[in-house]
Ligand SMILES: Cc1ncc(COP(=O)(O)O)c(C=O)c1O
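Just one chain follows, in the form predicted on its own, and it is written as structure tokens.
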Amino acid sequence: MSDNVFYRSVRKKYHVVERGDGIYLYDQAGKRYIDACSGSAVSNIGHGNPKVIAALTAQAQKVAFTHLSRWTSEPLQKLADMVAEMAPGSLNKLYLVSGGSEATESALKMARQYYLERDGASNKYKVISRWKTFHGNTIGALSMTGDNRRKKYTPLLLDFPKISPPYCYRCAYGNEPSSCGMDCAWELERVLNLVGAESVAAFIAEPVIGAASGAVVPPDGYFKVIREICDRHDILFIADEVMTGFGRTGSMFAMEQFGVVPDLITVAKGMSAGYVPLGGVVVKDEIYETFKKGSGVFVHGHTYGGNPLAAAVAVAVLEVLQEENLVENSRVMGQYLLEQLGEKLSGSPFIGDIRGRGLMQGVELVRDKATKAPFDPKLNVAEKATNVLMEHGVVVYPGTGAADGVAGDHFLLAPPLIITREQVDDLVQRMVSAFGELDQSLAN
């Protein structure tokens, strides 16, 4: 059979998936793989969940699509109520789109229009973000992104400022966690002084940095500094929880663990767990009321946003999340996985760091553990590790450029939140076997 798909990597040979069941994927030959990254931290409740499939079928038999400019629906209203109940503080309003890039793009526009609605006229339009982070592939989202995926499109992007990430393993200031002065957080203040806070509408950050750096967790107190700076300079704080939201890090939203309430939260992956494309922005009541008292219209929209089918699926996904206590399972199994990885894999001469929160964990690969020197990017070590792990029945999510924007290999572990202790043991044992093979290959 010919293959006319335009893939991201046009020279790569892809495995053909046949089916999924729980935490497992099966290829056409019947080989079973642990989906140890949930695709890209998407399949939070696993594959083939009967409740979600039943909800999808039932809603499709009623009505699959209506445009949100003319119709609302009971599934949409129920989903918004559920998210409002789960989100912290006054983050009670849900604006729906079709995915993560659309969500962060929407938040960018929402931040800009908020100040226009509030002040009548405003110079605030810039969004400050961080290097070594990823916020999406649309032009606005990519303008906020701080990794190598932006390079080819630089002439098309908005000139938004960026600060250093809270990357303790490779601290931009040379600090150790024991003596951290939160310089990476206070850098926001310095950049605001340079560019002028009067031109800045928002600061956006992933609570735990995902695809671009491999589950980088900020030091305690980091986001409290960020929140204080944003408040003092009249800047909105956008928490990008596209990857971390809905239980991935062991709490419903990752920001809960840092004792800070953002102004907007972008969500996607875990809200529908991959059963349908879905994303959104969770917004504080105060921001919503500003739009309502102003023009009454958010000048933005996407065709599939808020369709009844996607909303009904998301309701079922979130019900499974609650009924099966999967957020707590993420916390407990995540802690166990991190302990087991540290105990059984840290002896590898090429693993520099193992980190993460809940069931969102990263493994950073280095050429020299003592100096933290990365591998030559031409060696494609993250891809090599991914291929060896797949041979051992483990699927991970690789990344590059974490060390300096070009070099720095890592991969993300983000198994479905339904994973059991026995399955964690199996996953770790398979990884140990794979690294026994990979270590020999890299040493030669």
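Don't overthink the numbering: it's just position in the shown sequence, from 1. The structure presented is a predicted model; accordingly, all values stated were derived computationally and were not measured.
The form predicted together with this ligand is left out here; the points below concern that form.
A.B. asks: Report yes if any heavy atom of residue 263 sits within 4.5 Å of a heavy atom of this ligand in the model of the complex; otherwise report no.
C.D. replies: Result no; residue 263 lies far from this ligand in the model of the complex.
A.B. asks: I'd like to know if residue 99 sits close to this ligand in the model of the complex, meaning any non-hydrogen atom pair within 4.5 angstroms.
C.D. replies: Output for residue 99 is yes: heavy atoms within 4.5 Å of this ligand.
A.B. asks: Please determine whether residue 206 contacts this ligand in the model of the complex, using a 4.5 Å cut-off between heavy atoms.
C.D. replies: It does: once this ligand is placed as it appears in the model of the complex, residue 206 has a heavy atom within 4.5 Å of it.
A.B. asks: Heavy atom to heavy atom, is residue 240 within 4.5 Å of this ligand in the model of the complex?
C.D. replies: Result yes; residue 240 sits at the interface with this ligand in the model of the complex.
A.B. asks: Which residue, 280, 136, 247, 362, is the contact with this ligand in the model of the complex, using a 4.5 Å heavy atom cutoff?
C.D. replies: Spelling it out, the residue with a heavy atom inside the cut-off is 136.
A.B. asks: Would you mind picking out the stretch of 67-75, 127-135, 330-338, 302-310 that comes within 4.5 angstroms of this ligand in the model of the complex, counting non-hydrogen atoms?
C.D. replies: Only one stretch passes the 4.5 Å heavy-atom test: 127-135.
A.B. asks: Within 262-282, which residues come within 4.5 Å of this ligand in the model of the complex, counting heavy atoms only?
C.D. replies: Going through 262-282 in order - heavy atoms within 4.5 Å of this ligand in the model of the complex - there is one hit, 269.
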